[in-house]
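Only one chain is included here, represented as structure tokens and corresponding to the form predicted on its own.
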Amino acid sequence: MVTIHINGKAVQAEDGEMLLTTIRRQGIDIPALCHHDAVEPCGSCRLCMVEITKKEWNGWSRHVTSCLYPVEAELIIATHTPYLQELRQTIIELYMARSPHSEVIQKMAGEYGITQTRFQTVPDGDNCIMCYACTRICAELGCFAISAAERGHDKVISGPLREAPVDCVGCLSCAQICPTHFIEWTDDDTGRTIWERRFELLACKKCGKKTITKDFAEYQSRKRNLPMSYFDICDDCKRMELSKTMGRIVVSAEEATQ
């Protein structure tokens, strides 16, 4: 454990953990659109920047992305200085210009008192803010189905050569981790559609509820060495069956003691 100082308060932190984790544990709200506990941080959104200094730095300070900067003994952190607030407002305005129709960005702008952006707006801009959360979670799963393509203003997240990603298994991890709900998908009685691909959905053999895609089940079967029959029953039915089994064990144990 090390001692750091956040906004004038001494705080104990785990040696090596990132500043953002420690700061949020103190109940201090810092925006971080690209951050998610399921993946390694990348600092792409820049909203979580804080000011750091130390006594021996003799008044010198620097600004760092808190999701990527590990705690250090006697570090002094300021999270909401006027400069930092202005910096975050500027970043949000840039996102407003890129993604003018994003409800998430508009809500964040309202929280910072921003009603319009000073920057040239992309009228048909989509809700992707290039935080790479989707590509990181896809890589974490081992699929590597999507990535950034093109450069500059033309950069997009897509499959290879901007085609439907052949390695996608339809697991929805990318859509669920996306902070601005950019990635569209649909489920219906016949299957799932995402990234311009159509997937067959498995159905629970007990209750009939649709569960995961057949492609994802096959992928999990290979990766985790599971039989495909493992996916015949949904998690809810498995829990129900387990609770019934445990109930029978308890009853049998009580009867044995009588």
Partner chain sequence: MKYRFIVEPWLCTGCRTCELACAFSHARNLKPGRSRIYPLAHAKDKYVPVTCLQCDDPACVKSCFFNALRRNEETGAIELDLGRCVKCMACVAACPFGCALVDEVHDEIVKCDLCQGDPACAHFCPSKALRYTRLP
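Numbering follows the first chain given and starts at 1. C-alpha atoms forming the largest set that superposes within 1.5 Å between two forms make up the rigid core. Predicted model only: the values in this text are computed from it and were never measured.
As for the form predicted together with its partner chain, it is not shown, yet the points below apply to it.
>> For the interface check, one of 41-49, 54-62, 212-220, 193-201 should have non-hydrogen atoms within 4.5 Å of its partner chain in the model of the complex; which one?
In response: Every other range fails; the passing one is 212-220.
> Given that its partner chain is left out here, which of D188, E140, E163, E150 has a heavy atom within 4.5 Å of it in the model of the complex?
Replying inline: In short, E140.
> Can you check whether T135 is within 4.5 Å of its partner chain in the model of the complex, heavy atom basis?
Replying inline: No, no contact at 4.5 Å.
> Wondering, does C171 line up within 4.5 Å of its partner chain in the model of the complex on heavy atoms?
Replying inline: Residue-level check for C171: yes, a contact with its partner chain.
>> Is G16 near its partner chain? Define near as a heavy atom within 4.5 Å, in the model of the complex.
In response: Residue-level check for G16: no, no contact with its partner chain.
>> Considering non-hydrogen atoms and a 4.5 Å limit, does its partner chain approach A10 in the model of the complex?
In response: It does not: once its partner chain is placed as it appears in the model of the complex, A10 has no heavy atom within 4.5 Å of it.
>> Can you list, in sequence order, the residues from 26-49 that come within 4.5 Å of its partner chain in the model of the complex, counting heavy atoms only?
In response: Read in sequence order, the residues that approach its partner chain (within 4.5 Å, in the model of the complex) are H36, D37, A38.
> After the core is overlaid between this form and the one not shown, has the C-alpha of M240 moved by 2 angstroms or more?
Replying inline: It does shift by 2 Å or more.
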